[in-house]
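Below sits a lone chain in structure tokens, taken as the form predicted alone.
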């Protein structure tokens, strides 16, 4: 049996939505993007949303919207994808890495507070794997130190704390709709903010700094529009980027959004089955303290095994045709950030125990059981090495 790591759950409804866009023959930034933005804002209960072509773009625009002064420092967990840190570098700011909690793998808020200086202006709070950062405590720290908070929700679309959607606790929230995330638009992202002015600050930035996008301009191209020969006119007042979402992606997103809660519920059920199958394991333990009450939306299911045998277990799973990965090599161990090596000792040690296992909504119970059996066989094979 072959079991892939991730798989988008798409079907006839998404194809029909794409066909509708084809029939209209407007594929770029247009009315479907606005419709998706409005639907997403309603779903997370945010006053403003901006559709983009990736969560990386959303993170970049989130930091840009804050207009932080030169020399500002931004706190970022080292246990995350590189985009969480690049958003600060894109804006000419300094990154300060924060270590992770050994059990949850989320930002260690004690370590975060120790690293705050007068130059610290913002925090990128990454809900790694879908397990939420302790947002009430983080916001209390942020208030005391006058810090802005950006939530990186690439892994947790649909997740909540106490009924309040992740992405709406901080000043801004950034979501990923990349093809293997909680829901997909093929590639895509969304920026939300509790202050709509923050979104409006960067609306032109997503479209090369142009003050009026093509969909708005085209309304005046024909006799149906106003009697104005300069309907084509636009102005560029600032540097922008080609970050816009398009109507094809938005059409997929509108369908996926209707399925999101059900897809998250299925992932949670799969995680519960994994946990049950691994309950009495001696060497294998869950990556983090997963909850199966439905409030959290997990993108990753992973396990930890002793570092000395981690790669052996991965090889054995590969021979059983079970796809695996490791999320992530801490950012402080990448060449780009080599000056920070050693700054986050927990992250720089615990990653060597981590294995990401298959998790996707269309995964069958038989596939879950097959992965569990393969993992238990690998565990038995390596056990003599760690006894």
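Numbering follows the first chain given and starts at 1. Note that the structure is a prediction, hence the values are computed from the model and not measured.
From this point on, the text means the form predicted together with a small molecule, which you will not see here.
Contact with the small molecule in the predicted bound form, judged by any heavy atom within 4.5 Å, is made by just one of 337, 328, 360, 43: 328.
Interface residue among 106, 264, 80, 184 relative to the small molecule in the predicted bound form, by the heavy atom within 4.5 Å criterion: 80.
Only one segment in the set 66-74, 52-60, 32-40, 348-356 has any non-hydrogen atom within 4.5 angstroms of the small molecule in the predicted bound form, and it is 52-60. Within 4.5 Å of any heavy atom of the small molecule in the predicted bound form lies no heavy atom of residue 253.
In the predicted bound form, residue 244 stays away from the small molecule, with no heavy atom inside 4.5 Å. Taking the partner from the other structure, the small molecule in the predicted bound form has no heavy atom within 4.5 Å of any heavy atom of residue 150.
When contacts are judged by a 4.5 Å heavy atom cut-off, residue 126 counts as touching the small molecule in the predicted bound form.
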